[in-house]
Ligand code: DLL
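Next up: just one chain, as structure tokens, the form predicted on its own.
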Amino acid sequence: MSREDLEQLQLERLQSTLYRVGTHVPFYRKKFDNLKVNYDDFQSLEDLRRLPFTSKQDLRDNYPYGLFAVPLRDVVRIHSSSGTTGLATVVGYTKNDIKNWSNLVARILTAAGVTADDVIQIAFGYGLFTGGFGLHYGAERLGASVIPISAGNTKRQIQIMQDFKTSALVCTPSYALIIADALLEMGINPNGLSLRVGLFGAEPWSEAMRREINEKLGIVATDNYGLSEIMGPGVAGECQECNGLHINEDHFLLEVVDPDTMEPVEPGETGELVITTLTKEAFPMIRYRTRDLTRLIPEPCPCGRTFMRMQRIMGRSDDMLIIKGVNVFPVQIEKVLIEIEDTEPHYQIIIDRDNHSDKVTVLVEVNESIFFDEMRKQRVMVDHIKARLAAELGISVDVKLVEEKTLERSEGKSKRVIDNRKL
């Protein structure tokens, strides 16, 4: 589809979505009335900027069904966000939404190299979290064999991989490394498994972490992107070129804005991702602030797909740590640590406030030979890590080496930051 034809399709679907929310969702109808916006006049995608943003707080304020655009009798599935603070955000799907969701996730799987001949092990938690069911339905739509093992019980995961000849793994990137560590402990050579590809998401991860996963599991690790408020997985995903996530632009309209001014950034610049759904029936979203930081990549991809790509998420504007006046993202720290020899891919950031000054301590797991080595070598390593982190972050932090397996392991999203400040 040419860009001109795609934008015409987007505009027609946007007009339909605006009519749906303006007619059936009191929240949006009131917003439009207050701004004196007549969505019937929308003749261009540029007109989208006249509309208000939607935030996660808006979803919480309308908990549970206030933003649904169809009667509950038409909703065949209800999910909610995996967030741990405040009221959950509740989302719904019609029968047609589920069909579209399955097709879009099947696209992502296909781009990553999965086929109907694959056996896909889904180690995401099933339940209200959209990740497990989203990938499950997409894999079945593709015709692959699905193992819905869910999260946890790592040794059982490995046994299933061996016995069922798993060829594709779906989980968080941090859990993929936990599996890799367990394989090493159990004396199992990953090359003896049938694994060849992995689709990882639900938390930020660096290119260095991707290399670590590829090397330890002997696979091609791809990134994919989605969020419960928009649909779940299936919004965008990497092809095997691994050079940006292809956006399903016929179903989602993406903007990148400056999170401070909320104005559009220049093409190719980094900013906060804002998404408008174009085909959702039960739970349409208009200009939803994802808080995820990325940039759009308009250049064509060697794989031949023509949808625009977005850069992998570098962090979240609301998860950003402001330390001594400097903006810091945990993924920056991970990027440094994972490139340093003899460190393990597990770390934790502890933030305290002492005499009105922020103090950051990074706990770093190191292999046994370093931890029990002479103190001088430990000091050299600590100084090296501190210097690398200071150069990357622009602030000084303390570093403490800890033994392997000292830090808590998580089979879901890893808790990387403990912020003890009273902010």
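The shown structure was predicted, so the numbers you read here are calculated from the model rather than taken from an experiment. Throughout, rigid core stands for the largest set of C-alpha atoms superposing within 1.5 Å between the two forms. Sequential numbering from 1, following the sequence displayed.
Beyond the structure shown, there is the form predicted together with the named molecule, which is absent from this document and is the topic of what follows.
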### Message
To test your reading of this chain, name the stretch in 277-285, 152-160, 194-202, 137-145 whose heavy atoms come within 4.5 Å of the named molecule in the predicted complex.
### Response
194-202
### Message
Under a 4.5 Å heavy atom criterion, is F129 part of the interface with the named molecule in the predicted complex?
### Response
yes
### Message
Just checking whether I213 would be counted as a contact of the named molecule in the predicted complex - the rule being heavy atoms within 4.5 angstroms.
### Response
no
### Query
Looking in the predicted complex, any heavy atom of F124 within 4.5 Å of the named molecule?
yes
### Query
So in the predicted complex, does any heavy atom of E272 sit within 4.5 Å of the named molecule?
no
### Query
Among the candidate residues N327, N103, N243, T110, which is the single one with a non-hydrogen atom no more than 4.5 Å from the named molecule in the predicted complex?
N327
### Query
Taking the named molecule in the predicted complex as the reference, which of I188, I78, V265, M320 has a non-hydrogen atom within 4.5 Å?
M320
#### Entry: Stretch 203-227 - residues with a heavy atom within 4.5 Å of the named molecule in the predicted complex
E203, P204, W205, D223, N224, Y225, G226, L227
### Query
Any chance the CA of Y288 moves 2 angstroms or more between this form and the one not shown, core superposed?
no
#### Entry: Rigid-core frame, C-alpha of N327, shift of 2 angstroms or more between this form and the one not shown
yes
### Task
Relative to what we see here, could you say if K324 and D260 have their Cα atoms closer or farther apart in the predicted complex, with a change of 3 Å or more?
farther
### Task
Indicate closer or farther: the Cα atoms of G325 and S206, in the predicted complex, relative to the displayed form, with a change of 3 Å or more.
closer
